[in-house]
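Starting off, we have a lone chain in the form predicted on its own, written out as structure tokens.
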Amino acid sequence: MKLNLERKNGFNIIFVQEERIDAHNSGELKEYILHLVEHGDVNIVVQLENVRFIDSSGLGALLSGYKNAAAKSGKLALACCKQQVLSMFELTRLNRVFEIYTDLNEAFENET
């Protein structure tokens, strides 16, 4: 899975450079987030602009990251979700768990 990391305003921004987060690559995302959290980088924004599809394993990977960050007094938010991805969060009601922002600027305005 191609992921890029950028640090800004005390947050780690993970840019997911894949069109799909599914059973084939969600484990990599889960491990990547866990690695950040274990090294003290507990405030994370996952930028999903390129993602067009996410399945239950992808949702599970993000939820795991959310729980691990929260356990260390951090937070994991999402940004730039396409409508079809946002629909999965709404269908599973995970939109009530995650803070989901339309873009990174909105995420930083609300998180800082």
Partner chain sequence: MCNPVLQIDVIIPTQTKYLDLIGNIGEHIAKDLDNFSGDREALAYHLNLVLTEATTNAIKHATLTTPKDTVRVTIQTQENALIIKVYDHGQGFDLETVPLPDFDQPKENGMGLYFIRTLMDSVTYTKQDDCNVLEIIKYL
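Here the structure is a predicted model, which is why all the values come from computation and not from measurement. Positions refer to the first chain, counted from 1.
Missing here is the form predicted together with the partner chain; even so, the following discussion is about that form.
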| query | Would residue 84 count as touching the partner chain in the predicted bound form under a 4.5 Å heavy atom rule? | reply | yes
| Taking heavy atoms and a 4.5 Å cut-off, does residue 52 contact the partner chain in the predicted bound form? | yes
| Contact flag, residue 47 vs the partner chain in the predicted bound form, heavy atom cut 4.5 Å | no
| task | Check whether residue 70 has any heavy atom within 4.5 Å of a heavy atom of the partner chain in the predicted bound form, and answer yes or no. | result | no
| request: May I ask whether 4, 12 and 41 all come within 4.5 angstroms of the partner chain in the predicted bound form, judged by heavy atoms? | output: no
| request: Just give me the residues of 3 to 34, first to last, that have a heavy atom within 4.5 Å of the partner chain in the predicted bound form. | output: 20, 22, 23, 24, 30
